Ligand code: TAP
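Presented as structure tokens, the chain that follows is alone, the form predicted on its own.
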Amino acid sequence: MNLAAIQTAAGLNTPIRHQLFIDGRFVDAASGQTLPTLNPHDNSVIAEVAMAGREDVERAVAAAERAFPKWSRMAAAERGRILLKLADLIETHTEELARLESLDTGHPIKDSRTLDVPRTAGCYRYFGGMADKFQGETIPVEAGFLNYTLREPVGVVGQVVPWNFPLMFTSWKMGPALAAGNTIVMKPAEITPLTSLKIAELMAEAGLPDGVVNMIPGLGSVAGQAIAEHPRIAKVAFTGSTATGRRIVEASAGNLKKVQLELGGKGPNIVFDDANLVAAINGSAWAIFHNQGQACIAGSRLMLHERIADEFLEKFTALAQSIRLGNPLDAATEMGPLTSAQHRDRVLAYTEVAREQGGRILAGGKAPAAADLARGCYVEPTIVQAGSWRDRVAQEEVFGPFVTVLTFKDEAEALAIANGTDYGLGSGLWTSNLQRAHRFARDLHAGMVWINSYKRVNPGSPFGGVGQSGYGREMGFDAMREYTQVKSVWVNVDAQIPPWYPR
């Protein structure tokens, strides 16, 4: 099937972009190399997408450098106006973007329509509104001096985003960077580049000047490495695995560039015996099974008070087994495929790891038997009861529809288990005890805590972790600080400074 036929079959009304976007134009990679982008529902080829190499990174950086003076000095309100127009265009193209995201990633179309696209538009709109509201301050210093600070963009920013939420992550990364006046070289994941390239097209339509954003899908080991090492990139922002994050830090040392990392997680989702069980069961299912568990903030460690564990698991298991797997373009589908066959195999391998360490598979742990799903990257919702909180399945990020169940007897044990990993990204607890909720919010080793909910995000609320989950924050005023640097200006108004070396 050719590209035009694939577009028609998927219900897409505009061409699927499959070239690099550099200096305002879609162009082939300098090497001519491409990589097939696959539909994870059946592993068919959607498109052959250009693969950026080092020469393309250099072209993109040069374009971003040329664009930086004009963009950074543009009135902040005008930068904001372009981002607001982009948000409107994204909403106008909701169905197109949703279908393209589902085709490329396996997200159920219901999720893409109601979550991915609205969150993307909302994030660009938030930072479009913030562009002319992020300001410096005056500082009281000694008499006779005026001291004020300027918030300046850092310059050319390299951004590397993962394959699990490729559309939404364009806004998380580019929204604040553009509002602050930076120019961008972005590398979307090579296996899910299609909506990122579509966003580049919409940016041009919104009036973004040539070279301000350059979109260059490519291999992490080639294009990503070149971005991290590049001496004229002032900052690199990365979302992905902790192992790759370490390599980004090492590669950035050449010019001591600013680094922002949002890495892995092993979120504890703690249910106390006084919790609303109906809400906790549904919330815990959302925490791990939404997007097939492919989320760094997933509630992948389900921690149950021993008094309610049996009742909870009976109902939670029944709910998990009722989730409808299917073609992500089918509106009835509740869980689609994992995003690649390689990742599906990695997730399934953890069931054997669990068994080897004495764990019990309570549900799932295999690919579905349905013939219409056999060619895809599907994994059934999987529930594993671990023998110990120190087991590998309770310590390592599986990144799939795979939840590890642990039990605890009291608050002290719950906190010890929750904080017993190297990660510290998302966490949650379910309780009707207000004092306990605030104590745990204070004591959990995590960048985010949800109480009687899980996995809520908003453009105004900072998102990020501690420990092996990285550093720096996405979203909110914190994100604007990440993409600016402070300049302190001293003005002698009427200070009488005696000569230091009187003669």
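Because the structure is a prediction, the values reported are computed rather than measured. All residue numbers are counted from 1 along the displayed sequence.
The next section is about a form of this same protein that is not shown, the form predicted together with the ligand.
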Report task. Please run the contact check for residue 190 against the ligand in the predicted bound form: heavy atoms, 4.5 angstroms, yes or no? Result -> yes
Query raised in the report: Heavy atoms within 4.5 Å of the ligand in the predicted bound form: does residue 289 have any?
Result: no
Report task. Answer with yes or no whether residue 390 is in contact with the ligand in the predicted bound form, where contact means some heavy atom within 4.5 Å. Result -> no
Query raised in the report: Would residue 343 sit within 4.5 Å of the ligand in the predicted bound form, counting heavy atoms only?
Result: yes
Query - Interface stretch in the predicted bound form with the ligand - options 130-138, 397-405, 382-390, 274-282, non-hydrogen atom within 4.5 Å - result: 397-405
Query raised in the report: the ligand isn't shown here, but in the predicted bound form which of 102, 239, 170, 182 has a heavy atom within 4.5 Å of it?
Result: 239
Report summary line: If we test each of 177, 160, 418, 338 for a heavy atom within 4.5 Å of the ligand in the predicted bound form, the one that passes is 160
Query raised in the report: Should the three residues 221, 248 and 262 be counted as contacting the ligand in the predicted bound form, with contact defined as a heavy atom within 4.5 Å for each?
Result: yes
